[in-house]
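We begin with a single chain expressed as structure tokens, specifically the form predicted alone.
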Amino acid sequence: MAEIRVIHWGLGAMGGGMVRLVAQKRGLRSVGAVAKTPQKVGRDLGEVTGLDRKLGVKVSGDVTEAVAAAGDDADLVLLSTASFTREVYPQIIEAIEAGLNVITIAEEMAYPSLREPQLARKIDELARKKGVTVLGTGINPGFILDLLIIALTGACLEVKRIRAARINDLSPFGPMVMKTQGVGTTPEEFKRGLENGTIVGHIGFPESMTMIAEAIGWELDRIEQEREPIISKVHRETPHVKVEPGMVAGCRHIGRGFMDGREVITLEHPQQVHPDLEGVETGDYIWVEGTPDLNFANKPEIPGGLGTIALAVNMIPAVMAAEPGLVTMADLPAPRAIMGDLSRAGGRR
């Protein structure tokens, strides 16, 4: 496989982290970047993402300019701009039209055919036509509460019920995530946000549950979700938000999947900024009731920011080697760290 050349679209907390990780990997090279923040446009990519050296890549204001600047020297886009399929759809289409593979951390794109079947079909059809692959991934959805669960069921003769919980720290994430979680709002604002759709809690429970069910041969009747605010008793602060006592520090979110009227998948995700300030320990837990019963626990949590950055970058070789079209994490080989020189490995593209 020749050196894989990457365009970064979105240079926030997650996108910037991906730039820094790509810079560490042999066989990966950044050749373009797109940012919506005017202060970043026109500057060197290494400079705006905190590297101690310049990368020789000028940040552009739109992807057409970035692709033109890279010439034919681009293979894939790392897209880190929004959470919802409908929001990233135009960007994905633009990247596909340019002949680029796409890895996006938009949560709904982990399984976009669930909520946006028509858009997912259009993405798949165009990607096949252009000979490129599109993947949605991240720490969750994309790994902890879906792919890892699917992998664990591989050791079971029978699965009766699945329950999993991710208790995590939101502090590393940027303003987009804080907004969707309601961090920094009052309880009254949180309630209004749930009602008008500006606060959604965790994005991805229906996607994760559908991915799990499909992978093991279940067909869910319905999915229910519950969201409630986590009220802080202390001052908490990140680079993007301040939370005073009595304000919302995060969202306690539960998803329930039913089959034949019985709850068979339960996913719990209480997430907040600086949970340690109130003695809350983070962790990832999975319980599979079956033959045999399986129990998985990881403490503290896999850090959400680092995990999302790692998964997006580490899935690049798998996406480059995949057949064209829209794929999910369940369709591709299990993720693994990139520690060698990719340019010396074989692959389809």
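In this text, residue numbers run from 1 along the sequence as written. Computed from a predicted structure; not experimentally measured.
The next section is about a form of this same protein that is not shown, the form predicted in complex with another copy of the chain.
Peer 1: Within 4.5 Å of another copy of the chain in the predicted bound form, counting heavy atoms only, one of 48-56, 32-40, 298-306, 61-69 shows up; tell me which.
Peer 2: Result for this chain: 298-306.
Peer 1: Is I103 one of the residues lying within 4.5 Å of another copy of the chain in the predicted bound form, judged by heavy atom distances?
Peer 2: Close contact is absent here: in the predicted bound form, I103 is far from another copy of the chain, nothing within 4.5 Å, heavy atoms only.
Peer 1: Even though the partner isn't displayed, in the predicted bound form is G16 close enough to another copy of the chain, meaning a heavy atom within 4.5 Å?
Peer 2: Close contact is absent here: in the predicted bound form, G16 is far from another copy of the chain, nothing within 4.5 Å, heavy atoms only.
Peer 1: My question is simply whether V77 lines the interface with another copy of the chain in the predicted bound form - judged by any non-hydrogen atom within 4.5 Å.
Peer 2: Close contact is absent here: in the predicted bound form, V77 is far from another copy of the chain, nothing within 4.5 Å, heavy atoms only.
Peer 1: Would R128 count as touching another copy of the chain in the predicted bound form under a 4.5 Å heavy atom rule?
Peer 2: Yes, R128 lies within 4.5 Å of another copy of the chain in the predicted bound form.
Peer 1: Verify the flagged residues A82, I254 and L277 against another copy of the chain in the predicted bound form: is each one within 4.5 Å by a non-hydrogen atom?
Peer 2: Checked in the predicted bound form: no contact with another copy of the chain for any of the three.
Peer 1: Taking another copy of the chain in the predicted bound form, which residues of 145-170 have any heavy atom within 4.5 Å of it?
Peer 2: Read in sequence order, the residues that approach another copy of the chain (within 4.5 Å, in the predicted bound form) are L147, L148, I150, A151, L152, T153, G154, A155, C156, L157, E158, V159.
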